[in-house]
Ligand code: DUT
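Below sits a lone chain in structure tokens, taken as the form predicted alone.
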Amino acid sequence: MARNTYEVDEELETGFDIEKLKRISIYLKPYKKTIFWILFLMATSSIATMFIPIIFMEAMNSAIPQKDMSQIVRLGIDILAISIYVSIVLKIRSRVMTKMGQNIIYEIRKDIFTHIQNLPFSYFDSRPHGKIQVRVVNYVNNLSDLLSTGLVNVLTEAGSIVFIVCFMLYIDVKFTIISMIGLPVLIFIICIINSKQRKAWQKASNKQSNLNAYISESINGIRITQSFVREEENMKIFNRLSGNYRDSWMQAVKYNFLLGPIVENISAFSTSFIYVLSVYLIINDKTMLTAGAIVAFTSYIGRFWAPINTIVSFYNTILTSLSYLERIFETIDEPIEIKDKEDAKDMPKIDGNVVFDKVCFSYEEGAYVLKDISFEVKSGQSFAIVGPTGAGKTTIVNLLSRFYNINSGHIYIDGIDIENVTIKSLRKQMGVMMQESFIFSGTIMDNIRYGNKDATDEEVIRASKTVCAHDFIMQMENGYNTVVKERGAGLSTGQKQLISFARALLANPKILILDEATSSIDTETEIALQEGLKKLLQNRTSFIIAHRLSTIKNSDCILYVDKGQIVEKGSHNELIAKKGAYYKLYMSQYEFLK
């Protein structure tokens, strides 16, 4: 049994490459000076704290035995001064690095969103939108710890380890070497759990993506869910996906929590071993170390393992972040198939002559949706495209707007191959109303002005009157300033179509594409709308897709498309006279209406 797309784990198209982690440096580059100064402050702070055990050693070896209160006070002031300096540096680091990290996250999110906006329709057709959304929001947010504190911390702690080892060597070389016996054990353990930990976090990110996709789909389809009383069944699916995410996350976190206690145990073992060894050597008069030196040395051992613990935690953060970075950069690296050629020029002002020359197209390799489509539309003509569902009608107008690349053939506008001009200059001169009347959250005025932000209020109202939207808009509480919710909640399907119609008209395009523009409009409104359309379509090249044939009877030319090919072509009267496929379709609707 086939699984829904939200239950299918995403497979990375490429394995992990360390270069993907290095790409973070691109975002860090503008902050080089900031990072340098923070590292400098942290280094001085780290060096300062290294003197605290030395101060304690001096106190135990000299000040306390000699009961020198002035020296004890001086040493106490030194420790206090170091503590205050460290606190100030930590506060500065926290503020600066948090701000820098959030700025970088902003840049990454901007890059991925910008890239997504340029991806072809085929990218969105092939995956749930929730799985795309989770990459832009959740995955980028999860990089916060890595960018805000992680990178600086690991560099600082690496430097601290060097300083600590130098101070330990200063006290006693042999003890320093002995205290390192736990390092090989730690490295061995990390090597064992490394691959398992990374795979666990990849799985967790997959399950999070699946859950997000289902939640997004469920919210969008909530009306259907409630209409068919599917709440309990959907809850079962949600619980299963949520449980899968919980289990995978717990498994991944288990590996993260393993390393912390392991480091703590190795640290405790090393410190205890040094204490036992020191006492043994002192009892047997085999060492020249003083009690103060031993206390200082064991203090350094604790300090030695503290930064290692921090680095191990950072290592966990890296492995966690890698699972997100892989998805983020995979999206950013997704090829933009519909793009301008290197030598592409802006489309000059369109007159409106359109030619399809032996155009072939397939969404999937070998399964052609259009086969050798050829026709010509003169400037100012209205061109209707009809045919059964799935015949390729919408595909034809999508190719004209370059939403997809054709497999073979050419499409010309005013004798210019549309593949040789910039996409932006082409689409700005075309008005498109698609099958789905998508309404954005915001005012009705903003929605109509969406394709022409420079339009005046008067122009918006004029366009609305032309498509018979003005009356119902004025009946609303705040007229054109009425705020509509996401996807036009609260508006009828017909009202959404009229607003979308006004939006397409306001763009003042030379080529107008109406894809089922009147499918949800009542008959009375449609009759009134036809009068406005007559004025609108004058001096414009228009492509009208309609199942309701009454809306296209007056078109200059009608294409009947079936199975990706042009079956008939001509005016309404010509096709009726032929008594072919169009005639049968028209008569079936006529009989139905009777």
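Since this is a predicted model, take the numbers as computed values, not measurements. Heads up: residue numbers just count along the shown sequence, starting at 1.
Separately, the form predicted together with deoxyuridine-5'-triphosphate exists; it is not shown, and the next lines address it.
What stretch, of 361-369, 235-243, 260-268, 81-89, brings heavy atoms to within 4.5 Å of deoxyuridine-5'-triphosphate in the model of the complex?
-> One stretch meets the cut-off, namely 361-369.
Of P348, G490, G390, G221, which one comes within 4.5 Å of deoxyuridine-5'-triphosphate in the model of the complex, counting heavy atoms only?
-> The residue in contact is G390.
So which of T310, S382, S321, T395 reaches within 4.5 angstroms of deoxyuridine-5'-triphosphate in the model of the complex, heavy atom to heavy atom?
-> That would be T395.
Flag D454 as yes or no: does it have a non-hydrogen atom within 4.5 angstroms of any non-hydrogen atom of deoxyuridine-5'-triphosphate in the model of the complex?
-> Residue-level check for D454: no, no contact with deoxyuridine-5'-triphosphate.
4.5 Å heavy atom contact, D125 to deoxyuridine-5'-triphosphate in the model of the complex | Yes, D125 sits close enough to deoxyuridine-5'-triphosphate in the model of the complex that at least one of its heavy atoms falls within 4.5 Å.
Taking heavy atoms and a 4.5 Å cut-off, does K569 contact deoxyuridine-5'-triphosphate in the model of the complex?
-> K569: no, not in contact with deoxyuridine-5'-triphosphate in the model of the complex.
Can F175 be called a contact residue for deoxyuridine-5'-triphosphate in the model of the complex at 4.5 Å between heavy atoms?
-> Answer no; every heavy atom of F175 is more than 4.5 Å from deoxyuridine-5'-triphosphate in the model of the complex.
Even though the chain is shown alone, can you say which residues of 543-569 have a heavy atom within 4.5 Å of deoxyuridine-5'-triphosphate in the model of the complex?
-> Contacting residue: only H547.
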